[in-house]
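Form predicted alone, single chain, as structure tokens, below.
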């Protein structure tokens, strides 16, 4: 086994693809938590979006209508979190946990109701990559083009949208009036209210942004990667997104880059399984690698990251 057998352009491209559902949820959660609302519901939002996207695609025959269905379903569940957190001023962690449990139960129920069986749906046609450039042939230039074509131009539309969203929202957070007001909601909502900022409307919008991004994460998982829905298929990605958001210090771009780390760990463990006969390490270690990384991040980095001052604190306007 050679180093070049493992470190290939396909490894890095696979890392970006596998990181995308986590990155989309982490970018959205950064916006949500910057407004002062804790969002641990990404696991449930991604799961209901993944199911809805597949169901709509199967029932209509249109993958893009499936994407719209995934986003709408996630927005509906995100609205429940917003209503409980902002309007009812309930505990945001409990609200997020309830949505995660509700999504797990309702997707299982709808599998039985719509498809008549538990487990996995029929396959849907996945969305193809945006670009389809020819190979560069042999030689050094051909190999260089193979790296560029694979690492840069081999992705589907939602993957590119995730990259754009991370850059745009990071810019907007620190360079626009909206971003300044959003950060004020998470740091000192009373002062923001005094200055005329509608705290409830700002937090509702931030939660819906998180719902929109989690919906795209679910759509990416089923309609661009797997091509079908399986019960519980998010498999903890929403919680890994939470760790990535914290590792990225509540900045959309930071959350995206942190997600790449988890995506690379996932891609590496898949790659190393191919060489399982040559590596004297139990296969289970490779499977646990992304989750071990999550534990290490949460244990070693969280204590040094500073969260928004008013995060998790319900706000009641005196007006």
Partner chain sequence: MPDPSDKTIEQIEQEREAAERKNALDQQRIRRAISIATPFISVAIAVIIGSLLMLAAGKDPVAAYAAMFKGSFGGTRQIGETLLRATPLIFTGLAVAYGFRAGLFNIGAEGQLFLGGLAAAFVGVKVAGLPWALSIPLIIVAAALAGAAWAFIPALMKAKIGAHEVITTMMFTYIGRYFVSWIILDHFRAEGAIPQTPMLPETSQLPRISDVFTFVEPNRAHLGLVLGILAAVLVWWILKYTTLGFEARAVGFNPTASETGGISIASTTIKSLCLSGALAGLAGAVEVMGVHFRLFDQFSLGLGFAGIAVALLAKNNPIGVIAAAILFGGLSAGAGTMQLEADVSQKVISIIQGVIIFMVGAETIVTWTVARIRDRKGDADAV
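Since the model is a prediction, treat every value here as computed from it, not as a measurement. Positions refer to the first chain, counted from 1.
One more form of this protein should be noted, the form predicted in complex with its partner chain, which is absent from this view; the next part is about it.
For the three marked residues, 4, 167 and 173, no heavy atom of any sits within 4.5 Å of its partner chain in the model of the complex. Of the candidate stretches 48-56, 61-69, 252-260, 289-297, only 289-297 contains residues with a heavy atom within 4.5 Å of its partner chain in the model of the complex.
Using a 4.5 angstroms threshold between heavy atoms, residue 43 counts as touching its partner chain in the model of the complex. When contacts are judged by a 4.5 Å heavy atom cut-off, residue 129 does not count as touching its partner chain in the model of the complex. Taking the partner from elsewhere, residue 246 is found to have a heavy atom lying within 4.5 Å of its partner chain in the model of the complex. At the 4.5 Å threshold, heavy atoms of residue 195 stay clear of its partner chain in the model of the complex, well away from it. Between the options 120, 200, 235, 125, the residue in contact with its partner chain in the model of the complex by a heavy atom within 4.5 angstroms is 235.
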